[in-house]
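Read the single chain below, which is given as structure tokens and is the form predicted on its own.
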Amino acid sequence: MNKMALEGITVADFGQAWAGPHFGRTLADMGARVIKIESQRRMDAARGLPPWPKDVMPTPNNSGMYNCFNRNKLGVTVNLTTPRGVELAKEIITISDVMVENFSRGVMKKNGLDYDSVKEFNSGIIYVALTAFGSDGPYKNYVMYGRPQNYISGLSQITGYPESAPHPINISWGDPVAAQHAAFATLSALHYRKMAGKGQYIGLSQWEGLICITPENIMDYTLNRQVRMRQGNRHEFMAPHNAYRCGGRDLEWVTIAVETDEQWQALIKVMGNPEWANDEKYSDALSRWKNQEEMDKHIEAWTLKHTDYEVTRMLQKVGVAAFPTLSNRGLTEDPHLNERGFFVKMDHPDPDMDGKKYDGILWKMSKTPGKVHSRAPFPGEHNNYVFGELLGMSQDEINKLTEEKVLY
């Protein structure tokens, strides 16, 4: 069996909720040994977040969000409110190559686990801090949660319809974006350490990471001094360019985007060359763009006669970009994703969680493929292994620390 790319790398994962745990999962998927550090006093916040199995009492172990972001990890419980707990955390960091945390600024320093403190006993550590605003600047101490980052990034300002307020995306999009940026930065830092023998601090602002995914928004102002506003599904020059209702078992939608006159003629032919398409107002790209509201009504009258996948197949066959706007059910049932093996199923002791689908390994590597090999850990599930086998503590000492609620 091929080795995974990050075998031999150990990560001390102090992550909470999404950004930190997602970063840890990304490295764990590629073979890193990731040790998730939490406590009964302060469990990972994701354990208390939905979704949970329907009609089942929520527990710390049956959150879909927690199980998604913490697979492939070892789980330990360390009470950082005790001096001995802090020392144990330091012992884990000592055997680690990478450390990640996404607490508010100052939390880790209070525990003596900030970068300046950590590098004193592990000079080679790659210390990753996923803060909301970064480690400096006038906003560095501001409190921020995931979803409001969509608003401050400029993304919500351009999302929605012209007459509506800025529209939320309803997920904490800054978290996974920051996690992926941080994973790349960490690989770069590990490469540097291999050459120079030195660790370093990686400070990443989740806010700035989210800004980077809308470059056209920034450039439109820096180039043109133009403030972008909401335009729904419209495009600057492509028309049709919208989501259209379809027939089917539920309220289904399909997206259609036409760039050229050739694609327009192909669309019209598939639609049966309707009489309305001969109108002068649809004769060229600019005319169609100017009259797209009326044009969209005609197109939707046709899409309503078909399912989303029927429209997709007919239009893709003639080179027109079209695809369903998939719901969560649509995604998990999609034949392409399932045939490629994108989804994986994990065994779980809880029958309500056992065998459920999760997103799999995003990239497929021919020589060093990643792997989903274990479910997310229960609180402290690997205390004996980490503190006993990895750190050399006796079982009596582990039991004593458990009784004293240091391993708690």
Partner chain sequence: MPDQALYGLKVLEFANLVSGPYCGKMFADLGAEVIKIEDPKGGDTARRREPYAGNTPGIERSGLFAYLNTNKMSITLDPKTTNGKSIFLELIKDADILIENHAPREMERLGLTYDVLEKLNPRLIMTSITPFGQTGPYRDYKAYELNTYQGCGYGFISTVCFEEPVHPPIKAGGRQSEFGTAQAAAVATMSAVHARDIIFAGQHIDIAIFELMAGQNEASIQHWVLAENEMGGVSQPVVQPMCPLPCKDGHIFLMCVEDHQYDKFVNLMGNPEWNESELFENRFSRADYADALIPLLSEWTKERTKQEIFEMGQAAHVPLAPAYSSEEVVNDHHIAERKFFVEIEHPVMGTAKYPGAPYRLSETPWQIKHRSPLLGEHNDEILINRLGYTKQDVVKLSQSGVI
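Positions refer to the first chain, counted from 1. Remember, it's a predicted structure, so these values are computed and weren't measured experimentally.
Form predicted in complex with the partner chain: not shown, discussed below.
At the 4.5 Å threshold, heavy atoms of F121 stay clear of the partner chain in the predicted complex, well away from it. Though the partner is left out of this view, E339 does reach within 4.5 Å of the partner chain in the predicted complex, counting heavy atoms only. The closest non-hydrogen atom of W18 lies within 4.5 Å of the partner chain in the predicted complex. Remark: K281 does not count among the residues lining the partner chain in the predicted complex, judged by a heavy atom distance of 4.5 Å or less.
With the partner chain omitted here, the record of contacts in the predicted complex names 160 to 168 of 273 to 281, 160 to 168, 80 to 88, 98 to 106, defined by a heavy atom within 4.5 Å. Taking E333, E293, D116, D261 one by one, only a single residue has any non-hydrogen atom within 4.5 Å of the partner chain in the predicted complex, and it is E333. Residue in contact with the partner chain in the predicted complex (any heavy atom within 4.5 Å), chosen from A285, A301, A185, I268: A185.
Counting a residue when any of its non-hydrogen atoms is within 4.5 Å of the partner chain in the predicted complex, the hits in 239 to 271 run H241, N242, A243, R245, R249, L251, W253, T255, I256, A257, E259, Q263.
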